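What follows is one chain in C-alpha cells, specifically the form predicted on its own.
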Amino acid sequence: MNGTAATFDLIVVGAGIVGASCADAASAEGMRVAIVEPGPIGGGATAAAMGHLVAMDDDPAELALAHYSLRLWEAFVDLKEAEFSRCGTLWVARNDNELAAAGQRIARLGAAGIDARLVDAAALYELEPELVPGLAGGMLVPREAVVYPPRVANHLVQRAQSRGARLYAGRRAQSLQRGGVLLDDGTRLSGPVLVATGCALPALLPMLPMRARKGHLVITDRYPGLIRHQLLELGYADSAHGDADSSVAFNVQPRPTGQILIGSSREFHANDAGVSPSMVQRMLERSFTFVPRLRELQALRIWTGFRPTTPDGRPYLGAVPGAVDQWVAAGHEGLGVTTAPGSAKLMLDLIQGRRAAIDPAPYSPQRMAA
C-alpha cells in the first residue's frame, strides 16, 4: 500500500475515548473510516481516567458540552463493557460558605436542566455515614454515573470496525499532508483527517498549544458499601481549573467491583510517568481529611496519567486554522470521558456542514490562531 494511498471519508488519528467516539459516530453515518493508533486502544489519558460522568458548571461552554454528552451517555446504561454505575455525585461542603456556593451551583445546573439538590448536614450523613463529622452539607447530583473508559473505547472501535472502519493498529501518524496523512511505515492514507491525539497533539499540530498535566490515582481492595456516591469537595473546581504548578483535591469514587478509586492530583512540569510518593501522600492525606476510614484500607495499585490541557481549559473542537480538510478534537483535560460523545457529535456536524446541537464557537481552534 506504500504506492497508491487508500482513500477514506475520515481518517481519525488517535483511539482514546474521544477519537474512538468520533470514529464510531462517523461509521454510524456510513462514512468510510480509518483509525490510526500506535498503542493500545484507550491506552493513554483514557486508561488513566476515573471515568466519572459529571457536569462541571464553572464555564457555560463546558457545562453545555457536558450536558449534551450526558444525555448521549444514556445509550450506554445497559452496555456490559461500560460497567455503567449510576452512583450519583455528592459534592461536600466543609462550611456555610461552601454550602452557600452549592446553592448557586444548583441554580446554574437547574437552568441547564440537570437535577441537583441541596443536602443539609443530617441528610449528608444519611447518604454517606463515613464522612468526617462536622461538615455543613453538600450538593447531590443523583443521575450522574461512572464508567470504565478503556473498555468503552474498545467497544466503540470494535463497533466502528463492524461497520467497515479500518484500524491501523501499531501505526503512528508521522505527518499531515495535503489531502491525507503519512504513517510511520510509509503508508499514505487519503482523505479528511481528524486529529484526536490528546497530549501528543503538538507533534502533528504545533500551532495549537497543549500542555500535559500529570495526575495520580490509587485503587483499593474491595470494600463494598463503604462509600456509595462519587464524593468530591466543593472546592474541587478551584484545584482542577487553577494554574498552580501542583494541587490536590478530594475525589473518591466507588467502583462497581466494590473497590474505591482515590484521586485527584494535578501537576504541570512533571514530564515523567513515574509515581511521586510525596504527591500521592498529599493526595491521600486530603482524602483522609474527609473520610478518615480510608486510612485503614488496603491499596492495590497506584498509577499516573497525563491530561491534555489547552491554555483556556476548553477543548479544541473544529477545523484546523489555515488548513483544508483537517480537523481536531483534543484538549479535554479531565473531562474527556464525560464529553466524548458530545464532542464526537459536534465534530460530525461540523465536518458534514450541519447545524450543531450546541454552539461550536467556544471550542473553535481558531481562537488560538487569533
Ligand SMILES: Cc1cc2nc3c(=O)[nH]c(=O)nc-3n(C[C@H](O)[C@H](O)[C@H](O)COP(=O)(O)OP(=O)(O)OC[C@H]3O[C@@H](n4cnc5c(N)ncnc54)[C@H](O)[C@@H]3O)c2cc1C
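On a predicted model such as this, the values are computed, not experimentally measured, just so you know. We number the residues from 1 along the sequence you see.
Just so it is clear, the following notes concern the form predicted together with the named molecule, a form of the same protein that is not shown.
Contact between V328 and the named molecule in the predicted bound form is not found at the 4.5 Å heavy atom cutoff. Looking at T46, you'd find a heavy atom of it within 4.5 angstroms of the named molecule in the predicted bound form. In the predicted bound form, V33 stays away from the named molecule, with no heavy atom inside 4.5 Å. In the predicted bound form, none of the heavy atoms of R105 sits within 4.5 Å of a heavy atom of the named molecule.
Of the stretches 304 to 312, 62 to 70, 23 to 31, 317 to 325, only 304 to 312 has residues with a heavy atom within 4.5 Å of the named molecule in the predicted bound form.
Distance criterion of 4.5 Å from any heavy atom to the named molecule in the predicted bound form singles out G198 from the list G137, G198, G180, P254. Note on the partner interface in the predicted bound form: the residue among R94, R159, R211, R171 having a heavy atom within 4.5 angstroms of the named molecule is R171. In the predicted bound form, the residues of 325 to 363 lying within 4.5 Å of the named molecule by at least one heavy atom are, in order, H332, E333, G334, L335, G336, V337, T338.
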